[in-house]
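One chain follows as structure tokens, the form predicted alone.
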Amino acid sequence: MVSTPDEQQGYRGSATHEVTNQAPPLAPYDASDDTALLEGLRREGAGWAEEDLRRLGRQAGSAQVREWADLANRHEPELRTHDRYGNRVDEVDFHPSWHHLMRTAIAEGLAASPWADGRPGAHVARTAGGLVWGHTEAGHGCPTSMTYAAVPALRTQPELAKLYEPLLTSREYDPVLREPTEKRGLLAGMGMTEKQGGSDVRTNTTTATPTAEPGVYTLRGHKWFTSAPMCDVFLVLAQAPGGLSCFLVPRVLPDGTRNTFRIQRLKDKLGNRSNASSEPEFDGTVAWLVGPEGQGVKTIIEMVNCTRLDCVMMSAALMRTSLVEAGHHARHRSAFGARLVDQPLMRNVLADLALESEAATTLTLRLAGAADRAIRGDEGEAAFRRIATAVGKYWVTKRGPAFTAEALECLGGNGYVEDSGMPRHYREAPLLSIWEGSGNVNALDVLRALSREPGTAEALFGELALARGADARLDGAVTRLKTGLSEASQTTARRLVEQMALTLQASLLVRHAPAPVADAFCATRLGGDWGHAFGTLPRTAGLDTIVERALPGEGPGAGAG
């Protein structure tokens, strides 16, 4: 006899699709609810920006903005090389969510606006804003970062800076291609690398031929990795008669016609899917010289200092948002009779991740403070910035992939599913150690700074001396570091830079973080009381204090909402 549907329902007792023991949606939450971030903001001279940062944090953690981030990555940019009539247009179409993210980022001062802000700490406030807005998605951070970094390079050519800087520092997003000076705001990109050289830009083969008009050239060549091709202007390296030089290339010329900027294809990348990365071809492309001929690398050095800081910032932001996701899941998910956050082993993992995140955030804000003061003429901070930014770029971006993988694992199978958002963070993390020079390039840059600019080592050890005597493990690490400098070579460069980064992070935490945080970091990262994976902190590490300081909102001991 066949049972009726009502009888079948009675056998089951409850619906099979009833959802239990799953975390509720994280949004809305406050992405600025980060003690280490807010302390660093005040310490580095930008406490005046806290109210705006809090407002931005609530927006970044809103359900609407998180949906924008998801849609911008699910609906990837599309290249249109020609219009319906066969005319070359070379345009890239983005999902509306990309434009929503861009419009907000620029309005909130996350592009070049600090260069027009005379307040001390303006560049720190921008970096802190990036740490908060970085909870959304990383791809649109590329054009905002390049726009920020373009200003100091452009200032080497004052007449061009006078024309373009007010538009680059604007807080208005104007995405339609047209003559730059007719727009409300501009975005800048860069075209440095080529297929035969990558980071070795001195091997570039793109040529620059002078025209009859002073300072104006025509370019011919092919760039290998030019992101955000819908920017209005680009800083490009090319071989002029006097050597490798820097040029400004507008997408639209002063007479309103399109400059030759043929986008051959968009890259099919591991991550950073919302952002278009392209291969443009120049053929008679009109360009204006920026800086002297033959001084292209020197011209863009300040630009690189800015974009490398942003790599550190975005890695720290990815760490933080991944930790928040992991902590939220652990608060609401139970296993083996207790919530995950109350399980000693999971608590160890979260505490270890929290240590790494706080160290990255604290270093990022210290670097931003150095940049802000260096820009305002502090020579000591300029020397510190020169070496510490390269050190931070090497180490923090290296930690990102392992960190995001561990945070993803905290969610178990849920974290491996796309709609959790964790796979996007995991795919994004490796980019930041590649962009603006891979690990080897940054390690070698540290060696170059030490050998050619002796003041950089003095500045670094001057910073470390501020924590002298506070922790024996830190003092021992400083002594070992001095020995390592005397034996530095290419073979040992990575080990040396890692020691620099860990010692610098430890010194900052010893000076500014609560004792349990600083003690645990020194014990593990300097003292060797650590395993080879996250979650291996010693029993005496003060796990509860570390976790409670790190996780936002209700706190790790609160009940499920």
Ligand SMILES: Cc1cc2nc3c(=O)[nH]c(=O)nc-3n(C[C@H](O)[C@H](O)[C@H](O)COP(=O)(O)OP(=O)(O)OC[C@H]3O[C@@H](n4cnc5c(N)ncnc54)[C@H](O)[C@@H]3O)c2cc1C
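All of these numbers come straight from a predicted model, not from anything done at the bench. Residue numbers here begin at 1 and follow the sequence given.
Separately, the form predicted in complex with the named molecule exists; it is not shown, and the next lines address it.
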_Location of the named molecule contact in the model of the complex, chosen stretch of 87 to 95, 358 to 366, 108 to 116, 432 to 440 [non-hydrogen atom, 4.5 Å]_ = 432 to 440
*Gln295, Thr209, Gln264, Thr193: which sits within 4.5 Å of the named molecule in the model of the complex by any heavy atom?*
Thr193
*Which one of Lys269, His75, Arg468, Arg155 is close to the named molecule in the model of the complex, taking close to mean a heavy atom within 4.5 Å?*
Lys269
*Heavy atom to heavy atom, is Met146 within 4.5 Å of the named molecule in the model of the complex?*
yes
*Evaluate Val478 for contact with the named molecule in the model of the complex, applying a 4.5 angstroms cut-off between non-hydrogen atoms, and reply yes or no.*
no
*Might Ser420 be said to contact the named molecule in the model of the complex, defining contact as any heavy atom within 4.5 Å?*
no
*asked:* If we define contact as a non-hydrogen atom of the residue within 4.5 angstroms of the partner, is Thr104 a contact of the named molecule in the model of the complex?
replied: no
*Within 206 to 241, the residues that have a heavy atom no more than 4.5 Å from the named molecule in the model of the complex*: Phe225, Thr226, Ser227
